[in-house]
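In the form predicted on its own, a lone chain appears below as structure tokens.
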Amino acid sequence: MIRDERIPSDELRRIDEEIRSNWHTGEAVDFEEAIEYHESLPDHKRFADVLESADKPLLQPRAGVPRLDDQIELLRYLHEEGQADLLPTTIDSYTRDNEYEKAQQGLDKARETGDDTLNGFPAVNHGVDGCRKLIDAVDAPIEVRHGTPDARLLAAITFAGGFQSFEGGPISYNIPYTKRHGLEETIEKWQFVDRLAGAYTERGVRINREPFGPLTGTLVPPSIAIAVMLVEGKLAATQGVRSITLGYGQVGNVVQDVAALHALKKLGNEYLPDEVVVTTVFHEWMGGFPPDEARANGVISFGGMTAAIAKPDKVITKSPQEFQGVPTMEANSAGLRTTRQVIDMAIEQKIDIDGIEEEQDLIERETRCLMDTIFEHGDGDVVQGTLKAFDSGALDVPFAPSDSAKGAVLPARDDDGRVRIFEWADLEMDDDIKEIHKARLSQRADTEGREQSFRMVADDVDAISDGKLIGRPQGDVKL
């Protein structure tokens, strides 16, 4: 039975040898030599140090293309023209599914034709040497961003290749992404990732770990997202990780987003061990974008303003071309500059908004309910508690494709646009909190002259792409 316990050193070595045999580039991984390489990197390429020492929110986009030279060009452009403080390397879908042969075929075709035949950078296929060429060529810290349920080989190669930050986790890269992997399986595999990061940390190379906060990216209630972040943070800390960035995805109501980011930082410092440095990352809107680029820039600017008020440590930016798919590097750069302009204009202003403290208190109470039920389900063990809580529905994520979550909880916006829970299913929560949500949704129903129903949920999912925050019905509404 898997538990929240540190992987012993001999077991870490055994797994490492086993997974490195899954693709030939794994043979080049040498832990001691990798430590020497990391130690040779200048201070401004050390991800955790740069992030933790910043005095204002740092900006980071998403970006990944298959060929090494193109990835270098792309990241240099985003750093120099987009003024990105931190840079990504987004991994392709074949690698996320551990299909390295298909990734190789795509990479070979990209090299032959010059086309982007993969939707990201196949780091496993480029190997340690390719990763180091990227690290050496770009003058900023770079993070691995992916979506991989089994990220063990990817972690082994990219850590040895010089990357010092790694996104994801066993829940946040399972529940929103896959039906193929059970939650117990992904927790066990991510224990290796975190233990390997911990082994580097113990040698003075701090690997930053960043659980994926937006989850399904669609109207996720803040307390659910925060509870998942705390669980993944605790699991990483058990394995020796000491730099953890907890994520949160914008829901669109400024009061609720600011309150959630403040709660995330507070609860992170409370629930994680004292030796862990906790930082936060705010993901600009992850749902559907308007097709019109001017309106899309409005959504991006709204995220920038929220970040200026909440002051997270990092912001993951969006581009005005989100509606059409993968943006050009020029559009990606524009999204960075738009966000930076808004933050720099607003961050030195004292902006007071009523309701933040009240909303933060509610989010914290909800999160504590969820954390308490996890501990109770597992008799104090976070792994067992998480597995049993998801199995019973006491912990759940809306719109989850994974079979490891019930996906029965349904959110909807209240009359102010804050995300509340319309259908609780078996989600564990105090009755008085449920009544608060019910009353807020009832107020919206009265305003719109309709009954509370799933139609509200469906309307809200598409609202921002349609140019609104709340999915109001067509016709007269009492505002």
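Start at 1 with the first residue shown and count on from there. Worth saying up front: this structure is predicted, and the values here are computed from it rather than measured.
Omitted here: the form predicted in complex with another copy of the chain. The next part is about that form.
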Do Gln349 and another copy of the chain come within 4.5 Å of each other in the predicted complex, heavy atoms counted? yes
Should Val299 be classed as touching another copy of the chain in the predicted complex when contacts are defined as heavy atoms within 4.5 Å? yes
Is there a non-hydrogen atom of Asp416 within 4.5 angstroms of a non-hydrogen atom of another copy of the chain in the predicted complex? yes
Another copy of the chain contact in the predicted complex: Gly393, any heavy atom under 4.5 Å: no
Kindly indicate whether Asp274, Leu362 and Arg365 are, all three, within 4.5 angstroms of another copy of the chain in the predicted complex, using heavy atoms. no
Among Lys102, Arg295, Lys266, Arg132, just one has a heavy atom within 4.5 Å of another copy of the chain in the predicted complex, namely Arg295
Find the only residue in Ala110, Met305, Ala137, Met286 having a heavy atom within 4.5 Å of another copy of the chain in the predicted complex. Met305
With the partner removed from view, which of 51 to 59, 65 to 73, 426 to 434, 30 to 38 is the stretch that lies within 4.5 Å of another copy of the chain in the predicted complex, judged by heavy atom distances? 51 to 59
Even though the chain is shown alone, can you say which residues of 336 to 355 have a heavy atom within 4.5 Å of another copy of the chain in the predicted complex? Arg337, Thr338, Arg340, Gln341, Val342, Asp344, Met345, Ala346, Glu348, Gln349, Lys350, Ile351, Asp352, Ile353, Asp354
